[in-house]
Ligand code: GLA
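One chain follows as structure tokens, the form predicted on its own.
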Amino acid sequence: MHNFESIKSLFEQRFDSAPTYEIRASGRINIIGEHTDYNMGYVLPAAINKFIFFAGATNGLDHCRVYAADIDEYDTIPLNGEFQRSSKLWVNYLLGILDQYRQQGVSLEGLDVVFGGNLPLGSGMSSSAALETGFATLVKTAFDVEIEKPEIARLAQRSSHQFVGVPCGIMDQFASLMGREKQLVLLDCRSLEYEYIPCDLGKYEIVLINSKISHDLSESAYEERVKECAEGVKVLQQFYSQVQSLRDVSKAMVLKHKEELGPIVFKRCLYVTSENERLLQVCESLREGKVEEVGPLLFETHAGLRDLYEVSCKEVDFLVDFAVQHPAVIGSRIMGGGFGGCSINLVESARSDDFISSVKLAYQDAYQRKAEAYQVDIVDGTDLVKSIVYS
């Protein structure tokens, strides 16, 4: 785990100079609205106080020199000719961002970069989006590119699609960039219109329990779910001309055409349409300060992800089942793409230490594996922290 000071120190050691730019890129949570983003629905994320810190400077060379401190890996990225995919996934995320800027006509020059932080990899807090948005913000700053945060999010999403090969929605990048302290971002993934929802949790707090599990199914299953939802749209378009995505579909429409959809696609569509409805209920409850009403909706979402969308796993199911029984917890579900990562829990602050210690002990007994707990705060999103201009 690194902080800003250690990243700056590593930069100075490696490149024998001080960094010119310092960027803080935020991880994100998603309160509710899972797998709805690529279906053009709603999501309700927030930026959190788990970060990737970037220290950077131009180097006057025809290549970038980049050190990933958390995994102790170094690479160079030539800027001459077409960008070639790397065998290192993290390098491809950076290459994709550079490629997108080049497509926009930005004249790229060499950068020295060191990055690392306290954002756990594979935990469902979207370290990949923080890597993209942080690096994109660094490039924007270093080369004085006129681009606003929502467009950086779109640029990062295109990078994932076109270069990395991940058909992601836009939620992760948007939340990482557009997060605001003590606010949730209600994002319409079709129009990219957004509004901030106040998140005053009163006597409750957000606790993430990391299962430390990441099953290999996640990438292939993600692509399968995207296709299955698209199949559902094709079927329903035969009956409703206005349907362009599952965003345009109600739960009642799905139930009406259960036979035509078939058993698997029916379940996927029922989950997505139900999740959109739950999300809007959560927003209404938070606007009215009724935090206790949010908890049961999180439990419902977990059941949907487990039984209808089938992207949970036994380890995270165990964490949620434990949370259901604990008196301090009012809501819990799997967070992120699925097949591992974290559960997100709404926990009474006064009893959160008891919940954390008891769930970690139970998980250790059940799976001989240590879970990690993170008590997170909702903070501002990815941004430039310092830019030093030398005269």
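For every residue, the number given is its place in the sequence shown, counted from 1. This structure is a prediction, so every number in the text was calculated from the model and none was measured.
Heads up, the form predicted together with ligand GLA isn't pictured, but that's what we're talking about next.
Trainee: If contact means a heavy atom within 4.5 Å, which one of 353-361, 51-59, 34-42, 66-74 is the stretch that engages ligand GLA in the model of the complex?
Mentor: Stretch with heavy atoms near the partner: 34-42.
Trainee: Counting only non-hydrogen atoms and a 4.5 angstroms cut-off, does Phe318 reach ligand GLA in the model of the complex?
Mentor: No, Phe318 stays farther than 4.5 Å from ligand GLA in the model of the complex.
Trainee: May I ask you to state whether Tyr222 is within 4.5 Å of ligand GLA in the model of the complex, using heavy atom distances?
Mentor: Yes, Tyr222 sits close enough to ligand GLA in the model of the complex that at least one of its heavy atoms falls within 4.5 Å.
Trainee: With the cut-off set at 4.5 Å between non-hydrogen atoms, does Pro120 touch ligand GLA in the model of the complex?
Mentor: Pro120 lies outside the contact set for ligand GLA.
Trainee: Would Gly295 count as touching ligand GLA in the model of the complex under a 4.5 Å heavy atom rule?
Mentor: Residue-level check for Gly295: no, no contact with ligand GLA.
Trainee: Heavy atom within 4.5 Å of ligand GLA in the model of the complex: which of Ile206, Val91, Ile170, Leu79?
Mentor: Contact residue from the list: Ile170.
Trainee: If we check ligand GLA in the model of the complex, which of the residues in 326-353 reach within 4.5 angstroms of it by a non-hydrogen atom?
Mentor: The stretch 326-353, when checked against ligand GLA in the model of the complex, contributes Gly336, Gly337 at the 4.5 Å heavy-atom cut-off.
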